[in-house]
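First, one chain by itself: the form predicted alone, in structure tokens.
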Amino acid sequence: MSAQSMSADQRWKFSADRIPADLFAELRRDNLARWPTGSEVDVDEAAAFHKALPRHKQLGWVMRRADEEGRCLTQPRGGFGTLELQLELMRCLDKEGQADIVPTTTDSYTRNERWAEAEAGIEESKKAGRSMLNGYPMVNYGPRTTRRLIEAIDKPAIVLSGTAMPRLTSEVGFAAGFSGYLGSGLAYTTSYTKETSIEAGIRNYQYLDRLAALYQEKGVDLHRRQPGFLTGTNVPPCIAILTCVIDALLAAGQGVRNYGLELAQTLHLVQDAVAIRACRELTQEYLAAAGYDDVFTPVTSLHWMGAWPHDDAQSQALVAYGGTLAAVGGAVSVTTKSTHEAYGIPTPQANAEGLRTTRMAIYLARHIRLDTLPEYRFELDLVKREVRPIMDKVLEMGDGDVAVGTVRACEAGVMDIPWSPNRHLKCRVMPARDADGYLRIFDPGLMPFDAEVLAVHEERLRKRAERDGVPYDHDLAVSSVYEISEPLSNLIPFPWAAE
């Protein structure tokens, strides 16, 4: 095939290098032509709109200011299938929930680029008088109509796309006035897809990050954010941090300078506090080594991402504890959930209540830090010893190119994710909770952890098996996944009841 007959995508060589401006212009032209609303995108007009917004509605500025002042901002999730319902939701989250950042979650059809089916979902939602989609079909509505969401609230807005294919959604979202976008090539591809290759996922987010850099060139400081893992299972901090480092390096390569990192909570106070600090420090360490010394990398803490209990009181405790963990750990923001988590999409009012509960917990815990505790210092050293050998191996496997190295490392099992649905990973690494509630590595798979580090994990997990009187086997890992959703009578039984 001659170069003249090849598409821009085919001529785009896979690497961590920044996409050249002329090639990116071709990629954008082809992308915007895929759905009619793409013709509404005008980056110059959109940049002017962003710059005209008050600073408190620009997420890039808001995140930087919160970090400077030591604040922990609140942000929920949420999306409905029509503009009217989404407007109602966002106003409720802004006013009743007192959210610092207001989200728009896209629907599953949009995430999978099935826009014709999303169009049908809009019509069904209008007929039914309720949302028949699990999010907002942003591409179908387009930037002109979607801008009404931005104009309806007095806070910055972020797109929660939940997809490995963000190219058109990001164009529409940024053009509409959303100043934040959640998602990354490694985390979302391995969380949500089975067949999508790691290379394809990285490419898709290199496009998005190059787009964010284009806005940066026009004077708009957009906030990009890495999404953590949404597999609904336990992910140890070291693996989550590795993904943050990789995704941050990939984004920096495209020119992004405002890049948030997300960590799902383990529900252990010390481990979560350590993870938040270690994530930022290690990401900055590897960014600096790659020559990027001007990338802002605030950390967001995610409310519990595993199975939730059906009991409202237990769920309320998780919501409040999630705010406590974020505040004590020094996170710049926290992504919240509600007591409806076990049942499905929450009502706007339940979502707002989860925000307020979290906000109060942040207030109560705002001055607490654990940095001087010996246990904290031990865990901080341990997680850094876990991350560095694997991250160094990823870079070595790519001959210094993090994009190439990530694909090769995933193929070889050097980089691995527990219980990922993606077939391009080995999925052999397996975590379990120890007797003290920490997430440990039960089976490292092929990940090159240091032998002394693994000995610490095994010792702690064997103590749990001995305490519980159970075999030291894979059931330790499986039971850890469902533990938090168990009824209180199972978690804390009355020990002296007559048998």
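One-based numbering along the sequence shown. Keep in mind the model is a prediction, meaning the values are calculated, not measured.
Only in words, not in the display: the form predicted together with another copy of the chain, which the text now covers.
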Another copy of the chain contact in the model of the complex: A47, any heavy atom under 4.5 Å: no
Non-hydrogen atom contact Q10 with another copy of the chain in the model of the complex at 4.5 angstroms: no
is_contact(V62, another copy of the chain) in the model of the complex, heavy atom dist at most 4.5 Å: yes
Interface membership of S197, another copy of the chain in the model of the complex, 4.5 Å heavy atom rule: no
Location of another copy of the chain contact in the model of the complex, chosen stretch of 362-370, 210-218, 282-290, 388-396 [non-hydrogen atom, 4.5 Å]: 362-370
Answer option from E466, E452, E69, D42, heavy atom within 4.5 Å of another copy of the chain in the model of the complex: E69
Contact assignment for another copy of the chain in the model of the complex, among A278, I239, L73, L160, heavy atom within 4.5 Å: L73
Members of 244-260 lying within 4.5 angstroms of another copy of the chain, judged by heavy atom, in the model of the complex: none
